[in-house]
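Each of two forms of one protein chain follows alone as structure tokens, named structure 1 and structure 2.
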Structure 1
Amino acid sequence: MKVGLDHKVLVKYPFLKESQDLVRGHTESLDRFLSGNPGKSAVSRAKDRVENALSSKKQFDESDPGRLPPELEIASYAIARILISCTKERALIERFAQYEAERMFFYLQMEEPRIKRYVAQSAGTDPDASEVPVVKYIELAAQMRDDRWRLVNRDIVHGYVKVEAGEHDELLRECIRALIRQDLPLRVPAAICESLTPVTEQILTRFQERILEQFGEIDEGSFPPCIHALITAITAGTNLPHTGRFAITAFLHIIGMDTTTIVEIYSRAPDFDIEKTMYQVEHITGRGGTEYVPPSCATMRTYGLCTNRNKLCDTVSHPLTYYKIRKKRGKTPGESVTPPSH
């Protein structure tokens, strides 16, 4: 169904084909565009988009979704995707996708039904459907943490998952996030990344500042018992299973530890191989472009890695949450420890 979309609508949803067509009609080759004044304005706006994604406060302007002319505002979205691809920081890519999805979903709630339906269908979902194909559902639900989204908790009939009317918005938001995340990081020519280096360096600096704001300086004394146990095992010369290595590496990376320091921890292992370890650490920390986050407490229990549980463990569902709480309130001397659950 053909839907007439004015420029104000296209600016809000830059992933739409119509939005991309508008940009193509007003821009030249990428390198020439970036070197001109319009391109520089779009780059500056793109930098703002990425840095907004790093902010803990998500504020969207209902009356003004764009600061530049429509074609440049839409171009800034495409350039933002290029910027984060050049940084090669996968965690930054995830934050950008989440932010842009929340931003677009915010505007979508105020659209008339025909536009909302069109945007939803363009994102790959039917807002009126009472069921979703299992394959599509698994793709979307993988990033949704509430237990009710787990496939084992859903009604499945003939390869379709039943969806309640009130759940469509959550699925739509995840559809948009997945669409934005698709194909990232892009394969950007080295010359383009080099020309954008001053901007990407500023973004990376802000990214590191944000990690420090969120987690602060790394404090080993605030590590959850499971992570302490894994590091102790390495120090004692114990060979860890892949699941243990994955958990440590992902955890340490997210709280801000650099790759070299993580590799140094593994140097104490009896089977240490620097080239192999470096490859594995870089893969887990996102250099290959795939999202990897530390396992949840439930997953750690499944792996058999949950150990030395204490009272704080009983109140959290993720090792990162434990770390943030413990850092914020400080250690509790003599805190009692309960046996690990099996």
Structure 2
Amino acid sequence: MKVGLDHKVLVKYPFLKESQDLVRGHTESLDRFLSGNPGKSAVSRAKDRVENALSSKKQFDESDPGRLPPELEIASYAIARILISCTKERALIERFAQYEAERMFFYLQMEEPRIKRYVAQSAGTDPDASEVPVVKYIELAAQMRDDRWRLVNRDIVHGYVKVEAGEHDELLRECIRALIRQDLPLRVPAAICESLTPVTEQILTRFQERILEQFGEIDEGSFPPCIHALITAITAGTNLPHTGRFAITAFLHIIGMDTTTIVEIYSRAPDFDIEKTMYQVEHITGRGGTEYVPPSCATMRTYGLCTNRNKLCDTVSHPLTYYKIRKKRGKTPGESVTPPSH
């Protein structure tokens, strides 16, 4: 199907091949482009894009998807991808993909049906399909958190997962996100990253600030019930499985607890062995070169470590998210989610 897409449309969906063709027609070599004036305004817009992705409130402007001429607006999307690739921060890349996908999806919902259909097909989904091949389904659903997306809860017939008409929009948004995420981080030549250093530095500073805002000081009262239960188990002298030790150590490390304090928690156990504990904790917190991320709610469930679920648990897919939300709400009195625990 050939759909005429004007520039106003292309600006909204910069991942489309047509959008990228438009930029390609207008730009010379990348380094020369970046040093010129149009390039500079595109870089500045790219920085905005990344910073918007970092900001917690997402606002999209209905009438005006971009301030720059279309080709520069689209170029700013490509440059934003370069910027985050230069930072090499995984969390930043995830946020960016999430933000851009939500933005495109926001515009899509107001789009003419034929354009929406075209964009959906370009992203690789069929908006009329009543079933999706298992492999494709898993690639989309693995990132979606609601129970109803779990493969185990789906109606599957011979390699096809049934989907309802009302589910296509969500699949489409995830499809776009996956597409944006796909080739990131890009392999950017060192010289290009270097020339962008002033901008990436600013982005990284902003990113660090955001992390501090979210986690800040450690607040044991905001721990999710699963982590609470694990700490209680250690104190009670229960022999935790490796998965439990891993979950708790990785969690405490990510929220900013130092190794010594983590080891102190383990020291509450009656059979505490400092050398062994130090070794394990240091391994998990990244002394061996790999920094581990604490398990998600799904993983905690498979390990059998998801306990005492409460209402807030139903709305999150990761113990860290629980902690973030709880901590934030804790600051505002009277907005407590669960009664204070004793």
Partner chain sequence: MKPATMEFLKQRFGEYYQKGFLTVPSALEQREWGFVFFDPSSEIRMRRHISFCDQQELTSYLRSMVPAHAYYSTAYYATPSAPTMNEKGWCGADLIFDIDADHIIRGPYDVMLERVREETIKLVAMLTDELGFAAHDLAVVFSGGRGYHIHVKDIAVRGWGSHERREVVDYVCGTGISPGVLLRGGAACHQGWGRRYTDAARDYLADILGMERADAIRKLTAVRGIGETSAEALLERRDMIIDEIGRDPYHALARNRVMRTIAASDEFRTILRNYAALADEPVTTDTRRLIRMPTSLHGGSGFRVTPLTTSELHDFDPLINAVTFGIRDVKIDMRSSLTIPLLGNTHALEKGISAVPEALAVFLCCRGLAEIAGVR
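For clarity, a rigid core is taken as the largest C-alpha set superposing within 1.5 Å between two forms. Predicted model, so just to flag it, every value in this text is computed and none were measured. Numbers follow structure 1, counted from its first residue as 1.
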Next item on the list: Give me a 1 or a 2 for the form predicted on its own.
Entry: 1
Note to self: Is the shift of Asp258 between structures 1 and 2 large enough to count as movement, that is, does its C-alpha move by 2 Å or more after the core is superposed?
What the structure shows: yes
Margin query: At a 2 Å cut-off on C-alpha positions, does Val135 qualify as shifted between structures 1 and 2 after fitting the rigid core?
Written below: no
Check: Is the C-alpha displacement of Lys311 equal to or greater than 2 Å between structures 1 and 2 once the rigid core has been superposed?
Finding: yes
Note to self: Fitting the two forms on their rigid core, what distance in Å separates the Cα positions of Leu240 between structures 1 and 2?
What the structure shows: 10.0
Item checked: For Tyr323, CA displacement between structures 1 and 2 after the core is overlaid, in Å -> 3.0
